[in-house]
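First, one chain by itself in structure tokens, the form predicted alone.
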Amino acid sequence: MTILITAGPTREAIDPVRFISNKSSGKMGYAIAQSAAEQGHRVILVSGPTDLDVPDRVDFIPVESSVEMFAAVEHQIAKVDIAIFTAAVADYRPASVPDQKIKKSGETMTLELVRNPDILGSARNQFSYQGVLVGFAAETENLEKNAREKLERKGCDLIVANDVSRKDIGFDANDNEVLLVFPDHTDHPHKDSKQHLAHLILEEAITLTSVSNPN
């Protein structure tokens, strides 16, 4: 199979030296990419900036901004059987970016932000993607409720939800504890390493391909 994975944070430029980003380390997405490559699948990894080594036997596409990630996904998604979007993509970016560093001029500074394109939400409607679609939901409250709403709103086959308010799991941690939210049920795997959870998530996605393509 061919599997597309997005991973890591995005960076939205404020000026040539500053940016808006988040705490995503990319560990979950890279672990899934490594597991898939080790199983012999073709893997396309679209990643924002991380400190991680790129897994062997992976087609790697580095990006910085949400707009760049959107363009890379749009270009690649028609080729794949499974799309797994683990990246923590910024919802907004600065409306304009000056060519020179912004100088300190007052006690406050206001940034005007504009909405970024919705990568996961575009998969079905804009990209006409028909394969298995797996999204991630990083939440701080109402974990299952918010994840199920996202699954229905974005047309996903599976949402992997985790509580990023906890310090022992999620962003930049080696372990995670997730909910696997399907259209008709929710699974609650035990807290585990991201490597083990990556294998579990990949196996669930592969199983979904046989459900959607029984022949």
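Don't overthink the numbering: it's just position in the shown sequence, from 1. Remember, predicted model here, so these are calculated numbers, not experimental data.
As for the form predicted in complex with cytidine-5'-monophosphate (C5P), it is not shown, yet the points below apply to it.
Partner contacts here mean any heavy atom within 4.5 Å of cytidine-5'-monophosphate (C5P) in the model of the complex, and among 106-114, 93-101, 74-82, 131-139 they occur only in 131-139.
Mapping the unseen interface onto this chain, residue 150 counts among the residues with a heavy atom inside 4.5 Å of cytidine-5'-monophosphate (C5P) in the model of the complex.
For residue 42, no non-hydrogen atom is located within 4.5 Å of cytidine-5'-monophosphate (C5P) in the model of the complex, even though that partner is not displayed. In the model of the complex, the residues of 100-123 lying within 4.5 Å of cytidine-5'-monophosphate (C5P) by at least one heavy atom are, in order, 117, 118, 119, 120.
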